[in-house]
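The chain below stands alone and is given as structure tokens, in the form predicted alone.
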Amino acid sequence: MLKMRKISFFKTLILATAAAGLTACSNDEPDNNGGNNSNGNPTGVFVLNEGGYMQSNGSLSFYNTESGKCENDLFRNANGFGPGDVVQSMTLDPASPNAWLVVNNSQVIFAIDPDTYKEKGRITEGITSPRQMAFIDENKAYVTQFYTNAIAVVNPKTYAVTKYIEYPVEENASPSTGEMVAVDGFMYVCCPNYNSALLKVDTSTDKVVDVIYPGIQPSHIVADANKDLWVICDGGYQGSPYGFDATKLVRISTSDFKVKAEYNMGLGDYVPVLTIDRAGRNLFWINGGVYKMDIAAGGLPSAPIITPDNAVFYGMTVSPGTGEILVTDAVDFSQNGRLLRYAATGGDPISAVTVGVCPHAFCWK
């Protein structure tokens, strides 16, 4: 399998890989970004379809886990226009009925009604290439940004940026923030592009209080039941001016903010997603197939629990209600993808439905 630079935003590079023959490619549980934003048993899950880069054909789907039916193009049907270019992430506001849809390349964050999908407001000023949004309280949320050394602090009630959290950037690195996870009053933020930093932000003061460097391009992060962090460092790509190293899974203690263990994968391995189950005991990631690892295990699993066959696995989430595994198939990154449903133990797909172009992220309702 050919592997390219492992940042989902750069769809043109992934498309080139697919054309060359690639055939296998927030208030959650615990407080993660794994797409499980629901308390109790969810009724379904939003599927975020990135769309083709620079094509403005991103979309929003909803899969009803009880009926097995999927509705597509919800945002456009409700508002009369599409959400834009690269639909990146979505989170539910715990203090209001709003859902917040982050559209990366269009540099906009929409507040929508999660039942009618109609727009209720938007943030457009003061954000640059937004990646994720995480709520601190009813008056404050953080927005990570891909091309600047400042995390935006926004007031969701006024749809405005109130200030920025600046962070140090090494001399040979690029400014970039992406996935983040909150533990005990601190937000831990990945710097995924030509960078090796993992930031620790005090959410009471909105200040970066510590930085560590677990590996080249920390791209995905979750927290487990023991409040340890698990980070995928993607290692860059061959020919990168920032360096090229094996992809690895890193375990970091939040008590002293130090690396506890490292698990090396392959040089150039592509891991587009890392998530964790509701109990915070089992990690899941995609590396061609779907891998599952108990947090108490002493090493990486030797084989996937789900193999892709002819699918191109691109996104994944674990149901907080049933433990079932939902995986997206990006097909060729240009036509509509699929959502595949699997039992918690893996095996063959139970069902499959059509979603939008480049389905990647999830948000449980």
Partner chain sequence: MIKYRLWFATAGALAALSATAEAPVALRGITATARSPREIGAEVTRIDSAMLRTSPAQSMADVLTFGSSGYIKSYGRASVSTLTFRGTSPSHTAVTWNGMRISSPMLGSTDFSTIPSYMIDGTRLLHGSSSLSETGGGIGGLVSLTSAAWRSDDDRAFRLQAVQGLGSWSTSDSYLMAGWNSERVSITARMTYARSDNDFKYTNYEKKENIYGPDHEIIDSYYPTERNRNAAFHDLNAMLSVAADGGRTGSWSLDAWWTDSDRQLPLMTTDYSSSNLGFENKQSEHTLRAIGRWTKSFPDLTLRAAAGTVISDLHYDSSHELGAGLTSVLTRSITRQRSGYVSGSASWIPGSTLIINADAEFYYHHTSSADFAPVAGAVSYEGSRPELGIALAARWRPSNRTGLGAILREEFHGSMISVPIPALFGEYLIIPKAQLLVKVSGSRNYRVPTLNDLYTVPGGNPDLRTENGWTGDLSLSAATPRDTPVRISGSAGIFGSRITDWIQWLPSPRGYYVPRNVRRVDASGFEASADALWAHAGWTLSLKASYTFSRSINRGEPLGAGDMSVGRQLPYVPLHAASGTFRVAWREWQMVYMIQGYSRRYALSSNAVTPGADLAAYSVSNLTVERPITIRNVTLRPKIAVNNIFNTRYRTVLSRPMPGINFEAFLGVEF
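On a predicted model such as this, the values are computed, not experimentally measured, just so you know. Positions refer to the first chain, counted from 1.
Same protein, other form: the form predicted in complex with its partner chain, not shown, and the subject of what follows.
A.B. asks: Heavy atom within 4.5 Å of its partner chain in the predicted complex: which of 307, 56, 43, 322?
C.D. replies: Spelling it out, the residue with a heavy atom inside the cut-off is 56.
A.B. asks: Can you pick the one in 228, 269, 138, 210 that has a heavy atom within 4.5 Å of its partner chain in the predicted complex?
C.D. replies: Here the answer is residue option 269.
A.B. asks: Against its partner chain in the predicted complex, would residue 64 count as a contact residue? Criterion: heavy atoms within 4.5 Å.
C.D. replies: Contact with its partner chain, no.
A.B. asks: Would residue 179 show up as a contact with its partner chain in the predicted complex if we use heavy atoms at 4.5 Å?
C.D. replies: It does not: once its partner chain is placed as it appears in the predicted complex, residue 179 has no heavy atom within 4.5 Å of it.
A.B. asks: So in the predicted complex, does any heavy atom of residue 312 sit within 4.5 Å of its partner chain?
C.D. replies: Yes.
A.B. asks: May I ask you to check whether residue 326 falls inside a 4.5 Å heavy atom distance of its partner chain in the predicted complex?
C.D. replies: Taking the distances in the predicted complex, the answer for residue 326 is no, it never comes within 4.5 Å of its partner chain.
A.B. asks: So which stretch, 253-261, 198-206, 164-172, 277-285, is the one near its partner chain in the predicted complex (non-hydrogen atoms, 4.5 Å)?
C.D. replies: That would be stretch 164-172.
A.B. asks: Quick one: 146, 238 and 334 and its partner chain in the predicted complex, is every residue within 4.5 Å by at least one heavy atom?
C.D. replies: All of them do, each having a heavy atom within 4.5 Å of the partner.
A.B. asks: Within 4.5 Å of its partner chain in the predicted complex, which residues of 344-360 have a heavy atom? Give them in sequence order, or say none.
C.D. replies: Residue within 4.5 Å: 357 only.
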